[in-house]
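As a starting point, one isolated chain is supplied in C-alpha coordinates, in the form predicted on its own.
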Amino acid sequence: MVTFARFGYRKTSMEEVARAAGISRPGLYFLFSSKETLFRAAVTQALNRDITAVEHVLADTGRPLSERLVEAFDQWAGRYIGPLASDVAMVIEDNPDLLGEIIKTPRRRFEELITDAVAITSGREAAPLVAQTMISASIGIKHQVASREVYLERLEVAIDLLLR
(Lines give C-alpha, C1' and ligand atoms only; values in the text may rest on other atoms or scores of the structure.)
Protein backbone atom coordinates (compact mmCIF):
# COMPACT_ATOMS: atom_id res chain seq x y z
CA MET A 1 0.00 0.00 0.00
CA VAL A 2 2.89 2.36 0.70
CA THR A 3 4.21 1.91 -2.83
CA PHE A 4 0.76 2.48 -4.32
CA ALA A 5 0.37 5.55 -2.10
CA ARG A 6 3.75 6.95 -3.15
CA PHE A 7 3.21 6.62 -6.91
CA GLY A 8 -0.57 6.27 -7.29
CA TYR A 9 -2.20 3.14 -8.66
CA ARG A 10 -1.63 3.86 -12.35
CA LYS A 11 2.05 4.80 -12.01
CA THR A 12 2.98 1.95 -9.65
CA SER A 13 4.76 -0.90 -11.40
CA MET A 14 5.03 -4.48 -10.27
CA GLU A 15 8.80 -3.96 -10.35
CA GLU A 16 8.52 -1.18 -7.74
CA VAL A 17 6.23 -3.28 -5.54
CA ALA A 18 8.56 -6.28 -5.79
CA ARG A 19 11.54 -4.11 -4.86
CA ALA A 20 9.67 -2.68 -1.85
CA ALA A 21 8.62 -6.19 -0.77
CA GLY A 22 12.14 -7.52 -1.16
CA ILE A 23 11.23 -10.20 -3.70
CA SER A 24 11.76 -10.67 -7.41
CA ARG A 25 9.22 -9.49 -9.96
CA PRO A 26 8.63 -13.11 -11.12
CA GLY A 27 8.12 -14.06 -7.47
CA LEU A 28 5.53 -11.32 -7.10
CA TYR A 29 3.75 -12.49 -10.27
CA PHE A 30 3.76 -16.01 -8.85
CA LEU A 31 1.73 -14.67 -5.89
CA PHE A 32 -0.40 -12.15 -7.80
CA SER A 33 -1.34 -12.51 -11.45
CA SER A 34 -1.66 -8.77 -12.02
CA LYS A 35 -1.25 -5.36 -10.44
CA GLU A 36 -5.04 -5.19 -10.06
CA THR A 37 -5.11 -8.48 -8.13
CA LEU A 38 -2.26 -7.30 -5.90
CA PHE A 39 -3.93 -3.93 -5.24
CA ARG A 40 -7.27 -5.58 -4.40
CA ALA A 41 -5.52 -8.00 -2.01
CA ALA A 42 -3.62 -5.19 -0.30
CA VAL A 43 -6.75 -3.08 0.18
CA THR A 44 -8.75 -6.09 1.38
CA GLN A 45 -6.07 -6.97 3.92
CA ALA A 46 -5.89 -3.39 5.23
CA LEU A 47 -9.66 -3.03 5.54
CA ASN A 48 -10.07 -6.43 7.20
CA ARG A 49 -7.37 -5.47 9.70
CA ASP A 50 -9.14 -2.19 10.43
CA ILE A 51 -12.59 -3.79 10.88
CA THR A 52 -11.17 -6.50 13.15
CA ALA A 53 -9.54 -3.81 15.30
CA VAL A 54 -12.82 -1.86 15.47
CA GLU A 55 -14.76 -4.98 16.48
CA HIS A 56 -12.24 -5.71 19.21
CA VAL A 57 -12.32 -2.16 20.59
CA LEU A 58 -16.11 -1.92 20.64
CA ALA A 59 -16.46 -5.34 22.30
CA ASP A 60 -14.52 -4.13 25.35
CA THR A 61 -17.63 -3.12 27.33
CA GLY A 62 -15.59 -2.56 30.48
CA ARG A 63 -14.57 0.86 29.10
CA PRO A 64 -16.80 3.91 28.65
CA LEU A 65 -18.61 4.05 25.31
CA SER A 66 -17.12 7.42 24.33
CA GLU A 67 -13.57 6.05 24.77
CA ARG A 68 -14.37 2.96 22.72
CA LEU A 69 -15.92 5.04 19.94
CA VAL A 70 -12.94 7.39 19.74
CA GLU A 71 -10.57 4.43 19.57
CA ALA A 72 -12.78 2.67 16.99
CA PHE A 73 -12.69 5.74 14.75
CA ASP A 74 -8.94 5.99 15.30
CA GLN A 75 -8.51 2.39 14.12
CA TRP A 76 -10.76 3.01 11.11
CA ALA A 77 -9.70 6.52 10.03
CA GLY A 78 -7.15 8.04 12.41
CA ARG A 79 -4.31 5.86 11.21
CA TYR A 80 -4.80 7.39 7.76
CA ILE A 81 -3.96 10.95 8.80
CA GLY A 82 -0.58 12.43 7.99
CA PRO A 83 1.36 12.74 4.74
CA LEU A 84 1.95 9.11 3.75
CA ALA A 85 -1.11 7.76 5.53
CA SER A 86 -3.41 10.20 3.75
CA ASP A 87 -1.82 9.13 0.46
CA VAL A 88 -2.83 5.53 1.23
CA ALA A 89 -6.42 6.64 1.87
CA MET A 90 -6.37 8.73 -1.30
CA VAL A 91 -5.19 5.88 -3.53
CA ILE A 92 -8.08 3.77 -2.18
CA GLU A 93 -10.63 6.56 -2.66
CA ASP A 94 -9.32 7.36 -6.16
CA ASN A 95 -9.97 3.83 -7.46
CA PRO A 96 -13.61 2.99 -6.58
CA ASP A 97 -14.31 1.21 -9.88
CA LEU A 98 -11.32 -1.05 -9.35
CA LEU A 99 -12.33 -1.92 -5.81
CA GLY A 100 -16.15 -2.12 -5.99
CA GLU A 101 -17.55 -4.18 -3.11
CA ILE A 102 -14.09 -4.55 -1.57
CA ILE A 103 -14.47 -1.03 -0.20
CA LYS A 104 -18.26 -0.87 0.22
CA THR A 105 -18.69 -3.93 2.44
CA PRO A 106 -16.23 -2.84 5.19
CA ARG A 107 -17.70 0.66 5.18
CA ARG A 108 -21.19 -0.78 5.73
CA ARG A 109 -19.82 -3.05 8.46
CA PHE A 110 -18.14 -0.10 10.18
CA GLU A 111 -21.42 1.83 10.14
CA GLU A 112 -23.25 -1.21 11.58
CA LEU A 113 -20.70 -1.56 14.37
CA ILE A 114 -20.94 2.13 15.30
CA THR A 115 -24.74 2.02 15.12
CA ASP A 116 -24.91 -1.02 17.40
CA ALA A 117 -22.55 0.60 19.91
CA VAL A 118 -24.48 3.88 19.89
CA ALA A 119 -27.86 2.15 20.25
CA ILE A 120 -27.02 1.35 23.87
CA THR A 121 -27.23 5.02 24.88
CA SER A 122 -29.17 6.64 22.04
CA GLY A 123 -31.79 3.96 21.54
CA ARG A 124 -32.28 1.72 18.52
CA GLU A 125 -34.39 4.27 16.64
CA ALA A 126 -31.98 7.22 16.94
CA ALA A 127 -28.79 5.15 16.62
CA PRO A 128 -28.48 5.09 12.80
CA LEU A 129 -28.69 8.88 12.53
CA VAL A 130 -26.27 9.42 15.42
CA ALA A 131 -23.81 6.88 13.93
CA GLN A 132 -24.02 8.45 10.47
CA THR A 133 -23.44 11.90 11.98
CA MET A 134 -20.37 10.60 13.86
CA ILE A 135 -19.04 9.14 10.62
CA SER A 136 -19.66 12.42 8.79
CA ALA A 137 -17.93 14.35 11.58
CA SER A 138 -14.97 11.98 11.40
CA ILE A 139 -14.65 12.42 7.64
CA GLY A 140 -14.86 16.21 7.92
CA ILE A 141 -12.32 16.39 10.73
CA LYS A 142 -9.99 14.00 8.92
CA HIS A 143 -9.87 16.33 5.92
CA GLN A 144 -9.30 19.43 8.04
CA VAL A 145 -6.41 18.36 10.26
CA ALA A 146 -2.76 17.57 9.67
CA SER A 147 -2.16 15.19 12.56
CA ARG A 148 -3.72 12.17 14.18
CA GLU A 149 -3.54 13.87 17.59
CA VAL A 150 -5.64 16.84 16.48
CA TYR A 151 -8.08 14.47 14.74
CA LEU A 152 -8.56 12.56 17.99
CA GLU A 153 -9.00 15.72 20.08
CA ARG A 154 -11.70 17.08 17.79
CA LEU A 155 -13.37 13.71 17.33
CA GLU A 156 -13.58 13.25 21.09
CA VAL A 157 -15.51 16.53 21.34
CA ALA A 158 -17.87 15.50 18.51
CA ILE A 159 -18.56 12.09 20.00
CA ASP A 160 -19.17 13.50 23.48
CA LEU A 161 -21.67 15.99 22.03
CA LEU A 162 -23.47 13.36 19.95
CA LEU A 163 -23.78 10.94 22.86
CA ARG A 164 -25.53 13.53 25.08
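Since the structure is predicted, the reported quantities are computational estimates derived from the model, not experimental observations. A residue's number is simply how far along the shown sequence it sits, counting from 1.
The same protein has a further form, the form predicted together with the DNA, not shown here; the description that follows concerns it.
- A heavy atom within 4.5 Å of the DNA in the predicted complex is found for one listed residue only; from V145, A20, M14, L152, this is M14.
- Checked against the DNA in the predicted complex, the residues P64, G123, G100, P26 give one hit for a heavy atom within 4.5 Å, which is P26.
- Looking at 65-73, 32-40, 91-99, 131-139, the stretch with residues near the DNA in the predicted complex, meaning non-hydrogen atoms within 4.5 angstroms, turns out to be 32-40.
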